[in-house]
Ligand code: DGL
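Take a look at this single chain in structure tokens; it is the form predicted on its own.
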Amino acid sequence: MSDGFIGVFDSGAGGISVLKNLVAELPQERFLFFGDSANAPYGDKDPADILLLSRRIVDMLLEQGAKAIVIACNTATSAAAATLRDEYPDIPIVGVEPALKPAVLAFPRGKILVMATAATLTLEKFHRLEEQWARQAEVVPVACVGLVELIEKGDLSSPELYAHLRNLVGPYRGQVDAVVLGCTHYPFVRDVIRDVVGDVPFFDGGAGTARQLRTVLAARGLLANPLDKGSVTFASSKDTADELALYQHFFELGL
């Protein structure tokens, strides 16, 4: 199956920030990115609904020939990854999680702001992560309700976006040592967040997910030939030319 493609999915366009890391790490691979924009955001949904949506997407990607799956969504990883791995034991499934560990290791005894969806912060996966690292640093989780919807509009420097971020995290300006971007949408507005919070280091899980995918593929003999020419294809549950153009636009943005 080394000639199959890698299926990558998110609730919308945010997972493209992870996709960019995957392509940089594994340029010889073929990727199909699926954004579930018709059902976005996942961050305010019940975990059972997130699992159902994720399972449908995985089934679709496997039917089309995926050799591995990347859940490029912190919320879906928290709500669905463990169950999906049990249900599809023969398929590598790699998720993403808030990069709290590297932030705490970089700033022991520091104050770490974790920006994420409400669902990510309430699910057990984050609670375990927080419990593990909160002994070494002060962890400040902030549920960024409404931020994904603004990013999905595609105007990444709008006055509305700035105002919303000032309301969410403006009070932490000058008060934190680092920021963890715990949703794959957030790296696309890193500069806006920096304007609001201040010039501190930012951490997200994209690069770690890419390294983990390489490790898993190599262990299972699923890496493509290094001489192969990789590719990226976009698809969406909101199947319009405008939506696919938005995905392409996000893919071409710097991070």
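Keep in mind it's a predicted model, so treat the numbers as computed, not measured. Residue positions are given as counts along the sequence shown, with the first one as 1.
We do not show the form predicted in complex with this ligand, though everything after this point is about it.
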>> Within 4.5 Å, heavy atoms only: does P41 come near this ligand in the predicted complex?
In response: yes
> Taking the shortest heavy atom distance, is C183 within 4.5 Å of this ligand in the predicted complex?
Replying inline: yes
>> Can you tell me if V179 lies within 4.5 angstroms of this ligand in the predicted complex, counting non-hydrogen atoms only?
In response: no
>> Under a 4.5 Å heavy atom criterion, is I93 part of the interface with this ligand in the predicted complex?
In response: no
> Exactly one stretch in 157 to 165, 129 to 137, 82 to 90, 114 to 122 has heavy atoms within 4.5 Å of this ligand in the predicted complex; which is it?
Replying inline: 114 to 122
>> Just to make sure I understand: among 85 to 111, which residues lie within 4.5 Å of this ligand in the predicted complex, judging by heavy atoms?
In response: none
